[in-house]
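Shown here is one chain on its own, the form predicted on its own, set out as C-alpha cells.
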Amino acid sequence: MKAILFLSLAFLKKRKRQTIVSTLGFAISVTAFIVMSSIMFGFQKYFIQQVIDIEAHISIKPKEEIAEDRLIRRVDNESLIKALGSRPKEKDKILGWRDIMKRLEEHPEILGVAPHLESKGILKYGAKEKPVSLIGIEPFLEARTSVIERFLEKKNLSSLETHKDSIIIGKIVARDLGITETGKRVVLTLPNGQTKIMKVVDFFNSGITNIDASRVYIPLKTLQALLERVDEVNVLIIRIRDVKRAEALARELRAEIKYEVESWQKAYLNFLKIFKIQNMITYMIVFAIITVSAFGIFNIIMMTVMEKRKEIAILMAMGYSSKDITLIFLCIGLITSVLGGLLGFIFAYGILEYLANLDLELEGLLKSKGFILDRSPYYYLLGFVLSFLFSLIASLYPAYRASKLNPVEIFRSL
C-alpha cells in the first residue's frame, strides 16, 4: 500500500499546477457548502425556535360559519339560480372556555393553557399613530404557557396584573412611535370607539419583525372592559412537552373540541415550505460547484493516464496488477479531495468567524445584530463526505482505463 501511495503522490507532483487548481476547486466547494449551510440553517432554526417560544404550540380559535342559505338563491320563476357573496359569520368567542382549559390541563402532554382576547387597535403618542394587534392576557397563566418574559427588556410582566392601565408594546412599535423609555403615556383607541390612556411598562423584543412591529400586550380584564366583552376570550393557547408532536396532538383535540384547533406547524406552513424550497435551491448550487470540482479531478487523472502510458506499462511489467493500477489512480483523486476538504475547513472556519464578529443591524423577516449562524460540526463532516464521494466517482473511469491498458501494445508503439 505504501508503494501505491508513493506512486500516486509522484504522479501528482508531475502535474503540480493542475493539482493545485483542482485542490483549490474542492476547497472552494467545501467552503461554500459549510458557509451556506451555516447561514441558511442558522436563520431557519432561529426563526422556528423564536416562533415556538413566542407563539402557541397549539391554539384554539372560533370557527368561521358560512350562511349557506345566502350562497344560492332563486331569482325568478324560470328557475334561474344566482350565486350571492356571503361573508363568514364568525362567533368571535369561545363558550365555556374555563371548562375547556380545565380539561386540557389534565392532559399529560400539555404543560399549560392560557386565555387570550385578541383585537385590533390604534396607539397614539404625541402626533404619531400606529395600528397594532392587541392581546389581552392573564400574566400568571401567560408565564406558564409561553416564554414571553424572556423577550421583555425590563421583565415587568407582573405589572400587567397590578396595574390595569399598563401595556407592553413591541420594540418596533415603540421605535415607530418615538418611545425610547418606559413610563410614557399613550392613547389606545379600540374598534368600538373606546379610548383609554395607557402606561408603557415594558418593551417586547422577539427579533421577528412583523411581531415586534404590531404586537401589544394588555391586561385581559382591561381589554374585556374596553371592548364591552365581559369574561369573553377568543383564543386559547396551549404549551406542550414535545413541540414536534403539536400537529399530531392538534388532530386529537379536533375530535374532542368543537372549535378550530391549529398547531404551530400549520400556522407557519408557508414559511416551512419556503424553507424547503430554499434548501433545495442552495444544495443544487452547492452540488453544481462540487460537480465542477470533480470534473477537475477527472481531467487531471485522465490526462495523467494518457501521458504516463509508458510508466503504467513498466509498472505492469514489474508485476503490478490491474487492481494495483486502479488503486494508484483512485488514490490520486482521493488525495486531492482530502487536501481540498481540509483546506475548505480552514477557509470555512475563517469566513464564519469573520461573519460571527460582524456588527450589523439586519432587519427583514428577522431583526438581529449580525448573521445568525449554525456552527454545527455536522456541516463540516457532510461537506467532507460529499467531496470524498464526488472525487471517488470522478476517479473511477480514468482509473479503470489505466488498469485496462495493454503493456505489450504500448511497448510496440514506442
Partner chain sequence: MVLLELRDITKRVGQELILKRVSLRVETGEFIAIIGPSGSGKSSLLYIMGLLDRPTSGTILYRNEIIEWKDAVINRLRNQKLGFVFQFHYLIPELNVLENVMAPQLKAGRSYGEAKERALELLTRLGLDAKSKRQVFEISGGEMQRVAIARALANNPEILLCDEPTGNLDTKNTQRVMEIFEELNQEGTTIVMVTHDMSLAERAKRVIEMRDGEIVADR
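Since we're looking at a predicted model, the values are computed, not measured. Positions refer to the first chain, counted from 1.
If you look for the form predicted together with the partner chain, you will not find it shown, but the lines that follow are about it.
This chain appears without its partner; in the predicted complex, the one residue of L315, V338, L152, A213 with a heavy atom within 4.5 Å of the partner chain is L315. A heavy atom within 4.5 Å of the partner chain in the predicted complex is found for exactly one of K130, K184, K171, K308: K308. Heavy atoms within 4.5 Å of the partner chain in the predicted complex are found in one stretch of 152-160, 172-180, 264-272, 315-323, which is 315-323. The candidate site formed by A3, L7 and V408 is fully in contact with the partner chain in the predicted complex, as each residue has a non-hydrogen atom within 4.5 angstroms of it. Of the heavy atoms in F11, some are within 4.5 Å of the partner chain in the predicted complex.
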